[in-house]
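Given next, in structure tokens, is a single chain: the form predicted alone.
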């Protein structure tokens, strides 16, 4: 038997001490940290934190048409907004829009990603078609869908005439206008959501599906009991960013409906824009922006509080 002397064995404490000595911080390291983190912190402070606190500050005052504060009123702007029927209506409209966009975006993204993950001839062509919306700008998408919704020569109008169905004026009716905006937004978001879900589904170990096939488990059961639990982190991520992005939607609303008809699509973001740059009421729009921020933070908290518990990492 080989004998090992005490000098041949290095105590664990000495090894740990040597490892720590390699990463020992010096007095100059804080300066290096400032150099690397400084530019990012400066930009965050300039473009994120300063506007946020400035908005909060203005919301507590009355302002003139130039946006300068004139009289401190405390929470009066918030009280007027909460008691305003128009503002409450915009909140409900925004909530309906967010729920509709989030549900259909996730449902369609999951469906298309699951179909595109199948090993079929020519499936790469469909994967490209499904993700093509990622390269379309908001202005181009608005023009494209304005033509589709056109009551005289739009695609939907021609389709209804071919089927001998009544023509729908999508952008003149309040209910139809909301559906039009939801459809357009879902179409815009679908490419990104599809690609993320497709990557998540293809990362699921194939051995799980093979074992399920051996047991005779149906594809429907495999999707809900294998695929969804395995991609739950991705599902949680997509739901979070989709809800936040829906609350902040502006471009399509401005280019397609401009908040109409009869304020049926006047979301909170578009209301903030109108009150500030057309109404000249910067105090009111600042209070609206703070309320919107609180609403987004509340929904994000709810997701992390309740949905994250069901995520399998």
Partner chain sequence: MSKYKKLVLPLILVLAVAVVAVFGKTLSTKSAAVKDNRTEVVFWHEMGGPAEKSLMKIVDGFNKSQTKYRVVPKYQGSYDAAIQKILQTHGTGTSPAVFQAFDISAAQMMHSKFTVPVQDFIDKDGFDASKISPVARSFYSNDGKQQAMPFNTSQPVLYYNASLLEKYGITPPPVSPSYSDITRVAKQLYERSHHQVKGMTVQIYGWLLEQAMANAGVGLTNNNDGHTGIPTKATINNGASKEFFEWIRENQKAGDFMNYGSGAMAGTNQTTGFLNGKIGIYIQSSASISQLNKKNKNKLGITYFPHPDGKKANGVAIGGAALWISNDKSKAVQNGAFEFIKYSLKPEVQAQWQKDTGYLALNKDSQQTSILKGLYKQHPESKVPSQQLQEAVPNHFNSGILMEGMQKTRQIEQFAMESIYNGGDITNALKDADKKIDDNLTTTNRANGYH
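Positions refer to the first chain, counted from 1. The model shown is predicted, which means the values in this text are computed figures rather than measured ones.
Beyond what is shown, the protein has a form predicted together with its partner chain; the following relates to that form.
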| property | result |
| --- | --- |
| Residue 174, heavy atom within 4.5 angstroms of its partner chain in the model of the complex | yes |
| Its partner chain contact at residue 65 in the model of the complex, heavy atom, 4.5 Å | yes |
| Residue 282, heavy atom within 4.5 angstroms of its partner chain in the model of the complex | yes |
| Its partner chain contact at residue 210 in the model of the complex, heavy atom, 4.5 Å | no |
| All of 92, 239 and 242 with a heavy atom within 4.5 Å of its partner chain in the model of the complex | no |
| Answer range among 227 to 235, 130 to 138, 104 to 112, 151 to 159 for contact with its partner chain, defined in the model of the complex as heavy atoms within 4.5 Å | 151 to 159 |
| Answer option from 81, 73, 196, 182, heavy atom within 4.5 Å of its partner chain in the model of the complex | 73 |
| In the model of the complex: members of 226 to 258 within 4.5 Å of its partner chain, any heavy atom | 256 |
